[in-house]
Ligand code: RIB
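Okay, so here's just one chain, in structure tokens, the form predicted on its own.
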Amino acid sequence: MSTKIILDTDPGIDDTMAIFYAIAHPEIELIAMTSIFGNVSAKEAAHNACTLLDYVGVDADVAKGAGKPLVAEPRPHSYHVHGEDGFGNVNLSLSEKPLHELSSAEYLVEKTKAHPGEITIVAVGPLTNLALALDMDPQIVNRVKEVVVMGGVVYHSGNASPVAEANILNDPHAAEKVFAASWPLVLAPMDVTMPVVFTPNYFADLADAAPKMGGLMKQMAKFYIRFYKRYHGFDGCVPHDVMALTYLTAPGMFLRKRGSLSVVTEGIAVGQTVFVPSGKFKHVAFWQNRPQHDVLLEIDANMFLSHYFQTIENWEA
């Protein structure tokens, strides 16, 4: 039985890897994508989502989302990481597919009303759309099947500051609102993304096995890998966003721990994700009424590499 998902995304090269996985995996039904600012603008993200759907000949709704954070000053988009087009400057022909008439937040509210208990929201960008949906209809927490977020750091260092991951730092107030809500939520932080590296040889093999999806990812990855080599010192790139989806299809590759989450919203540690395992600091008033969520802390990297490759290869077989 497949899982119906709405993918909240800012494509983005690793977002592309996640979108292709969502399309390719037989246990995922991609019913829509909602765009958000981050790697590119929200408008560019929406059109990039449409472009990828056209590229693989798949249809799904695409709604345009928030273009700026709830409170914080907007940070620059990550063109230096993903290219001016978000796709590593590969110059894909942009889609003319029309966007949905509802905004991303409105779409999340209405779709979960139409399918209560059936939809999993997978958020792989800043969490502004989810926060706005909560403001529009707090009862959404009782209608979603699950919320899975790629973002934050628990024990790992950050990639946007010493303590913050980019998705969370791009809208810390939204992330705090989402983590304070009582919906069933799973966080896939950098602790489980950074151990996985796609090398140039991996992309070459994937392009041979799956020329459509793998071939495009190989082209995009050239730009992405140059960024990683310059800033992280290794020959490859990390497919961050895919982890939120593989949790749905292969949860056994992760070590999961339950606890409460919060986000620092001001000061030098702004954007830091704070995780308190269940049973800890019960004497501190702030943590006594926080909802319990699941956090992924370890991953079987070799299992992931094999699983992702096979998923993409099988789709084109």
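Predicted, not measured: the structure shown is a model, and the values here were computed from it. A residue's number is simply how far along the shown sequence it sits, counting from 1.
Beyond the structure shown, there is the form predicted together with this ligand, which is absent from this document and is the topic of what follows.
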{"item": "Of L127, C237, M150, L245, the one that lies within 4.5 Å of this ligand in the model of the complex (heavy atoms)", "value": "M150"}
{"item": "The unique member of S95, N89, T199, N159 whose heavy atoms fall within 4.5 Å of this ligand in the model of the complex", "value": "N159"}
{"item": "Proximity of E165 to this ligand in the model of the complex, heavy atoms at 4.5 Å", "value": "yes"}
{"item": "is_contact(D171, this ligand) in the model of the complex, heavy atom dist at most 4.5 Å", "value": "no"}
{"item": "Partner proximity in the model of the complex: N48 to this ligand, non-hydrogen atom cutoff 4.5 Å", "value": "no"}
{"item": "Contact flag, N39 vs this ligand in the model of the complex, heavy atom cut 4.5 Å", "value": "yes"}
{"item": "Answer range among 304-312, 290-298, 19-27, 6-14 for contact with this ligand, defined in the model of the complex as heavy atoms within 4.5 Å", "value": "6-14"}
{"item": "Heavy atom within 4.5 Å of this ligand in the model of the complex - qualifying residues of 64-89", "value": "H82"}
